[in-house]
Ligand SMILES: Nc1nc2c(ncn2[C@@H]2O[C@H](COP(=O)(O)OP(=O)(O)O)[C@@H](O)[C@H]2O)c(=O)[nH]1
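Take a look at this single chain, the form predicted on its own, given in structure tokens.
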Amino acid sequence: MAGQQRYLRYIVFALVAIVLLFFISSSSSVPSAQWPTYKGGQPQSQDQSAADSNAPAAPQTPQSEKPSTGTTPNPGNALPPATAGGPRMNATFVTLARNSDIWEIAESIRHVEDRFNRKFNYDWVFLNDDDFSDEFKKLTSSLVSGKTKYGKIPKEHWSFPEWIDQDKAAKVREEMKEKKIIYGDSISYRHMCRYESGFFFRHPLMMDYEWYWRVEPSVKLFCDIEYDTFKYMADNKKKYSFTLSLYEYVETIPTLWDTVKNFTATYPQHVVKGNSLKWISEDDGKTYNHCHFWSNFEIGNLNWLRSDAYIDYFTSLDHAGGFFYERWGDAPVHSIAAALMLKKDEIHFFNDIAYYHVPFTHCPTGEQYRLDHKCSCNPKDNFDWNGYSCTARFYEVNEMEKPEGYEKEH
């Protein structure tokens, strides 16, 4: 009798265990939450995932043969679409660079794209006196969100003009080398200054555009730029802009101002009323105070540079030979032209574009602006109110109120 009771208890326990196992296995079959899968860096809906599951399966590599890289997979290299809406201006970035500048220009592109162009996807034109390498093209095109174009500079734009006395030019370079004048003995630097002064805006690739933003290797942007700078220029009838200004090396331009005065005497119609002569001269044009906009940053209007006034101006300077007999830079050449041929209100100072080109920094004056726009520059590095800067004079000549807090940086 006792044996039968034990046997019945075993049967009951077995039935209870079976029932419990049944409920546990049933609960484990409840559908789990469905999350979007990713393909090519983009999220897919459940419907998309289901549709893709019907596609032919890709060959599978055996687990033992799959390489172990120790890195996370890159879901795709497509650049994100522009985030700012609205129409775009007919504008481009332009860079004069050599293949050896590849990593320095890559740094510049990332700053420009991250702080500005990822929102707008403007094009980028690269110019070189030689053919660009495949490596240069591959890297830069992968970084730029707009279209990239690569152009070779015509030899006649990157060589000594026929009217230049080669012996005289060589003697000048040797003298400047002895005086330790920066780039004083460089031939390529002189070709660059001449090209930037009179030819870059006439390159066939540039003829497609109306506006340009000049970018050089190893520059940095420290603040987010949330608006379209090209559209701002157009809407406010601006034709030239800058972020840094300073005095030019006197030894590099001893006869530049005399050459300019010869030009204005020959072409008085090219000097506009309401210009910025007082910014570059403190005695009504008798002498030049050497103030200039630092042209390694420029946002400007290409049609102005292609105008008869500017072309006559450059041609006059070019035939005087100062690019080779001295060491005229494109910065004073552009700046004098803008000061004489544009009205004061056609030149714009971009206080809000935080910019660096060795060795100077423009860090926007105004703490709140820097906080609002995620600026990473140190205001103590700001060059604007330094005694060697011409920016304070620009404010005074244009009767502009200086930014709040500038006294602390003086």
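Residue indices: 1-based, along the sequence shown. Model, not experiment: these values are computed from the prediction.
The form predicted in complex with the ligand exists for this protein as well; it is not shown, and the discussion that follows is about that form.
### Query
Which of these stretches, 235-243, 197-205, 164-172, 210-218, has heavy atoms within 4.5 Å of the ligand in the model of the complex?
Looking at the partner contacts, the answer comes out as 210-218.
### Task
Only one of 145, 275, 108, 128 comes within 4.5 Å of the ligand in the model of the complex by heavy atoms, so just point that one out.
Only one listed residue qualifies here, and that residue is 128.
### Query
From the list 298, 228, 101, 113, which entry has a heavy atom within 4.5 Å of the ligand in the model of the complex?
Answer to the contact question: 101.
### Task
Determine whether any heavy atom of residue 348 comes within 4.5 Å of a heavy atom of the ligand in the model of the complex, and answer yes or no.
Flag for residue 348 set to no.
### Query
Can any non-hydrogen atom of residue 357 be found within 4.5 angstroms of the ligand in the model of the complex?
Answer yes; at least one heavy atom of residue 357 falls within 4.5 Å of the ligand in the model of the complex.
### Message
in the model of the complex, is there a heavy atom of the ligand that lies within 4.5 Å of any heavy atom of residue 222, even though the partner is absent here?
### Response
Output for residue 222 is no: heavy atoms all beyond 4.5 Å of the ligand.
### Query
Heavy atoms within 4.5 Å of the ligand in the model of the complex: does residue 188 have any?
Output for residue 188 is yes: heavy atoms within 4.5 Å of the ligand.
### Query
Does every residue of 293, 363 and 395 put a non-hydrogen atom within 4.5 angstroms of the ligand in the model of the complex?
No residue of the spot touches the ligand in the model of the complex.
#### Entry: Sequence-ordered residues of 136-158 touching the ligand in the model of the complex, heavy atom within 4.5 Å
Residue within 4.5 Å: 158, and no other.
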